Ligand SMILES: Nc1nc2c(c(=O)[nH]1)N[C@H]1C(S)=C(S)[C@@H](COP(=O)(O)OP(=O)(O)OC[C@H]3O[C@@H](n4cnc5c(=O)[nH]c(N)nc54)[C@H](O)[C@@H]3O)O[C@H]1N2
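Next comes just one chain, in structure tokens: the form predicted on its own.
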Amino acid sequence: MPTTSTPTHCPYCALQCGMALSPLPTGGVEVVERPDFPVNRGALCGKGRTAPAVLSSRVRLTTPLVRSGGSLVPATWEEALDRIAAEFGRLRAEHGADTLGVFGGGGLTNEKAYALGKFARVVLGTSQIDYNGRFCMSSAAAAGIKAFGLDRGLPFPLEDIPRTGCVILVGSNLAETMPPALRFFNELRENGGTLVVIDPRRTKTAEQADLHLAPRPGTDLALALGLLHLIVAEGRVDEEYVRERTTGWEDARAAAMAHWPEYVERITGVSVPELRETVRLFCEPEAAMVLTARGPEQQSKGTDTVGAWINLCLATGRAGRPLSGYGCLTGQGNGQGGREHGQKADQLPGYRKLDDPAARRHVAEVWGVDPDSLPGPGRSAYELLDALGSDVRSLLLMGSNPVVSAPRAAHIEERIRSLEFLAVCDVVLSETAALADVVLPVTQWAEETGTTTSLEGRVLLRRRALTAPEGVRSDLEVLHELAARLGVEKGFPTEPEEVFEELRRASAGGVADYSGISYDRLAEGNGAGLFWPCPAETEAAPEPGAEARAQGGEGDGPQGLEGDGRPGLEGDGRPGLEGDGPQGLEGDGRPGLEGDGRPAGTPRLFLDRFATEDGRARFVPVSHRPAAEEPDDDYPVLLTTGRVVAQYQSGAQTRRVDELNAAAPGPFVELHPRLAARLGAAEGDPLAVVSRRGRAVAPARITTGIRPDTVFMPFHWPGEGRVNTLTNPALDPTSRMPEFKVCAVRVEIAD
């Protein structure tokens, strides 16, 4: 690797793969491998390899734009910032603070997410803030909090996967969404372990599995309950573990026993022999894991569905033990960190709950404000977007493109168009930015330093590798300038490290405690990062049960934590760690120490106790219920959505990369040959997919790798192929997650 290379991380998914950027003689940078980073060991997908293409001035914004005479025209930074501040000030004076909305993104660094949440509550005084990460793994977060008292995507490092005995992967197509992660599952099988993939499509990931189950979309909850029924019936419950480390088993057991195998087969389409084989593969090894992703989570019953899979782990003693556990595969680049530090409607930094008086006092002291001045919880993401143009009259949007990514997208586009004022900070002119009154061009990942938190809970330092083009500023500078114009002169520094130092203090003692993390520590060694919780070593141990610190959960479910809210602490308040490697395991499965004897954070959670008041995990009884929208005579087919390997999320960035567009130029409708025959459709024919909310058109892609009662469309494109025109905004009652993954449609040959 050239000595001039700058180590950093990919800007896309939550793997946060290590890479380095090396300057080119002609200007710009190229990606070079970084084999010392443990997650990807140098491997990158096409998106990571081509990431520098979006840094080009040819495809990105380099000057502010303001709307004049119906069009966006170039403006100076002073003109653009003055206009935003004037409009926010006017609307707040005329209609109150909650007329101002703020919508963030799961790709923002921890520093920017923290500053955005602080800006909304301290400068604007609004409760109306949420972010697109609500659409990512909020159901898994809610279920994890209910069961374990804490939400972290993976409670163990990815490196544990090859050493377990069996992994059940529910609703994830890692081969296309996180290709470098697939090696962990290949190594699992090479080591004699087994992989079970649950997906209505035979994806590239499912092709790697020892067993592929293809349930009807929206029936993952029934499937998990049927497996738990068999575990009980076959005497495979770990009774000692259940007795010593859990509560609530009897009610959960009774709920599962109502879901006998033949009943579950009728609901899901998964045969009883397949159910029994899954139980055998999962229960026979000494250790096993369940990992979920968007498939079971993006449902109106997503929290209960994930809860059922967690119950499966608890009943078999597969949580809080070495090489076992439940985990969620977070999607967005900083989806984990983005929801920990205050840009969610109900949270304060450190994953504290906004309506907890102790949390409000702590954060208000760090911010230098009166706790009573902080607004209460606001609306969740879809509910906030749905309120635009009514009581929420203006919006500041950072790092999101809801015109493409939100459910019922045509309706959300109408709500955005109805705003009195919209300001967008972005690196490109996305479909949402094109509707704005002011667009501010901001720096990208390679042009700024900051931290992100990966799906493992690994906090990482991304370093600036090059200078941004003239005319581009950072999001932190934008918030600093707007705060000053709105009367708050201090408290919004522009240097990321200064923001992080404040974040450390604000998070101290919270569930997501970053107080022991610093830029210096993150830069040490090979830059492998530190796992939260990572409390400061000088922090005094709290009195047991002295203060309830309820984790900022999704929705309003019971989520209280006593004590300091951190899992598995020794008497002095530090994680009980052993060993001498950076993240090595001793015989008891506990993580090691860094070379200087300091804990390397907490790579593995729950080994001694769960983050609940009594240290026990909680079974939550759940029962199957149908999707919010089932097929009928008018809409007889199920639609499910997802991603393809060459594009990312709403495609705002990847659709500007020629190599990626060549690989995936547009949307398609994937359908089974039997359904195609009924329609009279051939490969490539334009198909119209119609739901109660709208119509999308894309060419047919015929394959036996999908159920005959289901069609699939990827969600990366706007226009007539925008699949989120069709999706159902029915919300999970706890997480407020929309039901992206299943709705009723009809399919017809397009005119």
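What you see is a predicted model; the values in this text were computed from it and never measured. Don't overthink the numbering: it's just position in the shown sequence, from 1.
The same protein also exists as the form predicted in complex with this ligand; that form is not shown, yet it is the one meant from here on.
**Q** If the criterion is a non-hydrogen atom within 4.5 angstroms, does every one of 198, 203 and 723 touch this ligand in the predicted bound form?
**A** Yes: 198, 203 and 723 each sit within 4.5 Å of this ligand in the predicted bound form.
**Q** What is the one choice in 394, 380, 300, 647 with a heavy atom within 4.5 Å of this ligand in the predicted bound form?
**A** Comparing distances to this ligand in the predicted bound form, the residue within 4.5 Å is 647.
**Q** Within 4.5 Å of this ligand in the predicted bound form, heavy atoms considered, which of 108, 512, 345, 319?
**A** Only one listed residue qualifies here, and that residue is 108.
**Q** Name the stretch, out of 357-365, 292-300, 75-83, 486-494, where some heavy atom lies within 4.5 Å of this ligand in the predicted bound form.
**A** Comparing against this ligand in the predicted bound form, the contact stretch is 292-300.
**Q** Does this ligand get within 4.5 angstroms of any non-hydrogen atom of residue 715 in the predicted bound form?
**A** Within the cut-off, so yes.
**Q** Residue-level contact is defined here as any heavy atom of the residue lying within 4.5 Å of this ligand in the predicted bound form; does residue 643 satisfy this criterion?
**A** Contact with this ligand, yes.
**Q** Does any part of residue 13 reach within 4.5 Å of this ligand in the predicted bound form? Heavy atoms only, please.
**A** Yes, contact at 4.5 Å.
**Q** Does residue 268 make contact with this ligand in the predicted bound form, using a 4.5 Å heavy atom cut-off?
**A** Contact check for residue 268: no, nothing within 4.5 Å of this ligand in the predicted bound form.
**Q** Given a 4.5 Å distance limit between heavy atoms, list every residue of 61-76 close to this ligand in the predicted bound form, or none if there are none.
**A** If the 4.5 Å heavy-atom criterion is applied to this ligand in the predicted bound form, 61-76 yields nothing.
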